[in-house]
Each structure stands twice: as C-alpha cells, then as structure tokens.
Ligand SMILES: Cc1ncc(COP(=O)(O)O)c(C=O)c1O
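The data below hold one chain only, encoded as structure tokens and taken in the form predicted on its own.
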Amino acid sequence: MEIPISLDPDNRQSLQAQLHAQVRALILGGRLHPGTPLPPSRALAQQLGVSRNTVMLAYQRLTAEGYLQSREALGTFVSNELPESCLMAMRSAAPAAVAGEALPTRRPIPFQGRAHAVAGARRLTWDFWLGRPDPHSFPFKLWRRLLNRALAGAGTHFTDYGDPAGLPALRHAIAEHLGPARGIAVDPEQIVVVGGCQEGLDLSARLLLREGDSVAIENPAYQGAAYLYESYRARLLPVNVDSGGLRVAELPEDGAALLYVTPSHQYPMGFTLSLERRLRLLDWAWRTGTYIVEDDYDSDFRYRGSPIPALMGLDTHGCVIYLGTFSKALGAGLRLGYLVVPRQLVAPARTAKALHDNGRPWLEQAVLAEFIASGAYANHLRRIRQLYVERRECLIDCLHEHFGAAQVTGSEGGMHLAWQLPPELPRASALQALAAEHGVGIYTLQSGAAHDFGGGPWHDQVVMLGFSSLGVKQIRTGIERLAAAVAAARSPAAPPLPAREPSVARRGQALRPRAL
C-alpha cells in the first residue's frame, strides 16, 4: 500500500519532520483510519527516495505521540485509540473542512429529479410488496453449476472489453425466447442488454428526448418512468386508462416524442390492452411519427387465456421499442434486462450504450445465456407460474372471505393485484398505515411505485398487493390480520392485536414453496 506523501529536499524542514507532519495530517484528516496498516519502513523509504532511517525515526516519533502502534511481526498501524491531543486537533480542524463554506459560488446542478419508490429498508412480517419473486424459487444449484462452467472457460473474458450491446450468446438466446413467448421475430443485433428496466428506460429516453419534448404516458403510470422523463425536462401528457387499458382515443392528435405504455399488465392497475386498441395505437404511432416504449415487465406470468402478442410483434413500421427484464422471473439482484429496438435505432442504441458503460459484466451474461439456451429458463417459468397461480387464488379467496365481494383488477397475469376499496373501508393511505401497525405491508399507488396524475377514479381508493414472494400461509395470515385490524379500528373496545406474532413470522420466514 502506498500513501500520498511528497517530500521536498529544498524545504527548511528536515525530511523526517516533513514525513512526521504529513502522516499526522493524514490521520487528523480522517484519510488514515484507526487500525489502518502503514507501509513497511523499507517500502516507504523506497517510494519516497529517502533513507530507511528517516522513515523509522518518523514512525518512532509518531508512535511515541500515540498516533501509531507497532505490532511485532505484523507491522505499524494507526492507533485504535488516538491520544486526547489528537482528538482535540481533529475537533478544532473540523469546522474548516465543512464542504463549500470557503469555496466560490458554484453553478446550479443541472440534474433535477425525484427518486421512485423501491422496496424499502423497513421489512414487515407479512409484506405484500410488488414485483418481488419468491426468494426460494431461484435455481441456486443449477446456477452454481453453470457459473462454475463459465468460470472454467472464461479465457480472456475477464480482461477484455465485450460488445457494449451485450454478450452475443445472450442476445441470441433472448431472440430465440421472444419468438414463441411474445410473438416477436427479432434479429439478435436489435437487442441491447441493459441493467434492468430502469436503465432501458433511460437509454431509450437518451435516444429520443430533448428538453421540452412531449411524452405521452399512462395515468396512473409506473413511477420510475414518470420521474425519469420528468428528469429529462420532458412535458408529460397523461392519458387515462380503463378496464381495456390505455384509452387510445385520448392520445394527442399531433403525437409525441414517445409514448410509454405497459400493455400486457398495466402498471399499477393490471389491465390488459385489448387487441383492437393495440392495432389502433400502432396506427396512431405510425401516423404521428411517435415511438412507443413498450414495458413488458412481467408478461412471463399469464394465468387466464392466451397472451395477446406484444405490440412489437404486431408492429410492421418500426415504431416500437420493447423493454424486457429478468428481475421478475429470476430476481432484481441479477440486474439484467434488455431493449429490442427497431432497425433504424440499432446503431444509435449501441453507441449510447457504449458511452454509458461499455456493456454489462460478462459472467452474469454468460451464465444467463446458457440458462436460457439449455431450456432451464422455460422450465423455471413453468414451475413458478404454477406457484404464483396458487398464491394469486389464495389472495383473492382471502379478500373475498374477509371483505366480501372484493373488487380486484390485474388477476389475469402479473405478480400483484389492485384492490379497489369499498366505501366502508378507510381510504388507501389510512388503511396502509393501519396495516403497517400490525406488521402487514399493503401499498397505495404512491408508495407502491405508481404515479397518479389526477383526474382519474383511482386516487386513494386502491391498494396494491403483491403475492409472488409470500407463501400461502403467509398470505392467509396477512389478510386475517388486516381484517382484524380494521375490525379493531371500528370497535375501539375490542382487544388490540399484538404488533407481531413471532412464532408465525418465524414459520413464514422458514416456509418453502410446495413443489408443484
């Protein structure tokens, strides 16, 4: 380890005194923390071009003053307990180090944006968070085998730059998957591997948006998209949704720079855009010169009827940019997704991706490519679809059992339901707070990573319930506790619920999904 020290032979101070002062300043400034090892005297002397004796004498002085400790056979370290005089010096030096006080006026930071909601640090015992896969469903054993195989054949992959658009084998595997799964006939060259949906949204925005451009977007919409386009200083044009999905008739007549839409499982309400509206939407996009960003975030999960082909599969004019992710089927920690762009955007997209990060890490791409190509991904999807069907049905049954004719949307697919609250229940924000007091996590549009532009019927009347990461017993217990909390709030004389049920929580955490 080298430390940032520079000695001046022409200085009036001796080299030893300069070395002493600079090491002491590094300690006082917090750049050398307690317990940090210092370079051996011989190595530091060679680094500075001085005699070893100069370094040893400086170390001895610092040790005598309590700044350093010498440990036999181990070396020299910054003291774990600094002397009182050192602590006083650090306190007296702190005010001068306050950032920006002594600096000239800075220009305003150009970026302006809001962070969208993601799974928070507060983990409730019965947490119906959205879009989180079952933690026990990840194929650890197979993934480990594929990982070891990739490492064994790594060659120069760890030392060479790869294709910025993504590993060719992975892009080929994705193209082969999209044909039968989503009805998209695509060349691997049209695919750009990205770090999940959010990076894909950012990359497409970078290609298409300038400040002041208009963006048509669903209302309500995915918060991460709305806030992203807002950060580009775009002019957002909300278009309401209903049970048939986006209300195509309300799209602006003169088009927009782009339209963001979630047609397979509208986020957050879960509606599916009808085939008739899909065709009208594509006609509008071609007529107005608008690009459509199709976010197909959880289309792998369809439980009723045949899936409607993706917009890109129906597009004959190159209007659609398709966005997919592996965060929902495998896990967000993998940080892998993909864009499929029309042919005229292939070169700009590759360039933008290269300028952004030169491509995703090789190892994860290599493992995922083999996982898909081997058929393991298709088997994995079949297994977890069955698992999620059982959990979805359990959630709907529990809502009906405890709250009567509960009106839910989005049950045909996806990983969450939107529950439209009846008039007799508290509003969504109040119900969320009440549930949290009893260890149950349910989510309003805002807290569930959705954005309501207003003007629609959903504000504070809908709660969102994810079912994919909870076992059947956990779902039953969570809804039972929610119902009991509502009943207790209506009848203050009733005995209060315990804030937690440790035994149930432990069983829920240990619960593993039943093999189906």
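Start at 1 with the first residue shown and count on from there. What you see is a predicted model; the values in this text were computed from it and never measured.
Absent from the display: the form predicted in complex with the named molecule. The rest refers to it.
Taking the partner from the other structure, the named molecule in the predicted bound form has a heavy atom within 4.5 Å of a heavy atom of S327. When the named molecule is considered in the predicted bound form, P188 lies well away from it, no heavy atom lying within 4.5 Å.
Using a 4.5 Å cutoff between non-hydrogen atoms, Y297 counts as a contact of the named molecule in the predicted bound form. The named molecule in the predicted bound form comes within 4.5 Å of no heavy atom belonging to F128. The partner is not drawn, yet in the predicted bound form one stretch among 355-363, 371-379, 107-115, 192-200 has residues with heavy atoms inside 4.5 Å of the named molecule: 192-200. Just one of Y443, Y222, Y322, Y229 comes within 4.5 Å of the named molecule in the predicted bound form, counting any heavy atom, and that one is Y222. Of the residues H402, H172, R335, R385, just one reaches the named molecule in the predicted bound form with a heavy atom at 4.5 Å or closer; this is R335.
The partner is not shown here, but in the predicted bound form the stretch 242-267 reaches within 4.5 angstroms of the named molecule through a heavy atom at Y260, T262, Y267.
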